[in-house]
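This document starts with one chain, in the form predicted on its own, laid out as structure tokens.
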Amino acid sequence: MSSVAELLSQAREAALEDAPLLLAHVLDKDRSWLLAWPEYQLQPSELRQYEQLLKRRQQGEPLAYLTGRKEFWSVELEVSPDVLIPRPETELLVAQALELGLPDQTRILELGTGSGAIAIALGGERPDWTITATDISSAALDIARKNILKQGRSNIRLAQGHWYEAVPHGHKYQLILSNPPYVAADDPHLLEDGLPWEPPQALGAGSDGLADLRTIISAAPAHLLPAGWLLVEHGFDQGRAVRKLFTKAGFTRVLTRRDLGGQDRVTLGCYPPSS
């Protein structure tokens, strides 16, 4: 058997930064427990599980998929390879939606909810809003449903379908927001940073990465209430192209917000022109 102290020492020597998190996950403890009980001897089954997870992490599999958890907007979410791993930069989409100062009883539509991260964050901040969160993947909706139930977000309902096909004809919303696929099909980044383990349908969007953004933006006016807003996340180099798509669709007050890294990340606009 091996002790916690021995395994952590080996991890430091091998520069395996995520090893303590994996060890804590296997033992179902937090990292402070590892420091408090360095003499604990792992059972053979625990050691095998830890070594297997560590090997998978060294091969590039994302930590979130190995632990089945990822924090977003201070909420711990369940994740799996059926959903995109929530990113910190996507919190900008939530922040911008809240900054609009929309009134009570606002109806929100989120397209492509995945794990439910965005809807859950908004639903927690504004329990008076009614949020419809959609996804084409039934497996993704299963994950979202678990997270919604765990967080007690009774103001969120789920719907399955491809973008606007998921909602009844004629339903309109004060705000539509989405973090759609926006990576070009031949982008070399798809082979790096754990992306090969994430669902390809949640990442790639045609030859220029704008295919789904075109669909969402062009069809949004038919689903917005007067002076309604559309917010979308996009790639760091797509801000200019996305603003053009907004303007072409008739949106005004179009602007792009930058993330904490100083990169273009979220574009928003109002429709129809508001006074």
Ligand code: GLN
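Residue numbers run from 1 along the displayed sequence. Quantities reported herein were computed from a predicted structural model and do not represent experimental measurements.
Unshown form predicted together with this ligand; subsequent notes refer to it.
Of the candidate stretches 114 to 122, 195 to 203, 160 to 168, 100 to 108, only 195 to 203 has residues whose heavy atoms lie within 4.5 Å of this ligand in the predicted bound form. With the partner omitted from this view, the residue of Ile176, Leu141, Leu84, Leu77 that lies near this ligand in the predicted bound form is Leu84 [heavy atom within 4.5 Å]. Among residues of the shown chain, Glu91 is not one whose heavy atoms approach this ligand to within 4.5 Å in the predicted bound form.
Not displayed here, this ligand is kept clear of Phe72 by more than 4.5 Å at the level of heavy atoms in the predicted bound form.
Contact annotation: Val183 falls within 4.5 Å of this ligand in the predicted bound form, judged by heavy atom distances.
Shown without its partner, the chain has no residue in segment 62 to 83 with a non-hydrogen atom within 4.5 angstroms of this ligand in the predicted bound form.
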